[in-house]
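Quick heads-up: it's one chain on its own, the form predicted on its own, in structure tokens.
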């Protein structure tokens, strides 16, 4: 994870330099803002990867002498099937549609989005699939 973290940090530095050059060359605020957002995202991901690498220690991808089999084993828990992402997306679409059409529909969409996000987060705490 350390290599990936440093790569994202270096990409963030490159994007920052390109953003400064772009601003002085074009004076266009939209592209400059979009590039500034990419700087922030790259630096955020790089920081997260380095922070996580420090917390969990060396991984097989950090070792130059590692074999493919060193990364074998359980990686984590992934949901085998879940309907909640569909409901989150539909309710988010309803929220944005309500923002364009009317505020009453926007508030209904916000409520549906919150409820579906709560269901998504807590789906394995109740019912047949609880641990």
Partner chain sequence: MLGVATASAITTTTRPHGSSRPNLVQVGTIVWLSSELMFFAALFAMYFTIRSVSLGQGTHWPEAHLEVPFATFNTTVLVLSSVTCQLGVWAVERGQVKKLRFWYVVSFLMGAFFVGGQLYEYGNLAREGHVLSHTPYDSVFFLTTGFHGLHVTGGLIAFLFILGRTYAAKRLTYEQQTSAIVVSYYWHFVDVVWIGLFATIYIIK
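Being a predicted model, the structure only gives us computed values, none of them experimental. Positions refer to the first chain, counted from 1.
Another form, the form predicted in complex with the partner chain, is not on view; read the next lines as being about it.
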(request) Using heavy atoms only and a 4.5 Å cut-off, determine which of 66, 44, 89, 101 is in contact with the partner chain in the model of the complex. (result) 44
(request) Taking 4.5 Å between heavy atoms as the contact cutoff, choose which of 117, 20, 108, 13 touches the partner chain in the model of the complex. (result) 117
(message) I'd like to know if residue 54 sits close to the partner chain in the model of the complex, meaning any non-hydrogen atom pair within 4.5 angstroms.
(response) no
(request) Mark residue 1 yes when one of its heavy atoms lies within 4.5 Å of a heavy atom of the partner chain in the model of the complex, and no otherwise. (result) yes
(message) Even though the partner isn't displayed, in the model of the complex is residue 93 close enough to the partner chain, meaning a heavy atom within 4.5 Å?
(response) no
(request) With heavy atoms only and a cut-off of 4.5 Å, decide whether residue 24 touches the partner chain in the model of the complex. (result) no
(message) Do any residues of 30-61 have a non-hydrogen atom within 4.5 angstroms of the partner chain in the model of the complex? If so, which ones, in sequence order?
(response) 30, 33, 34, 37, 38, 40, 41, 44, 45, 48, 49, 52, 55, 56, 59
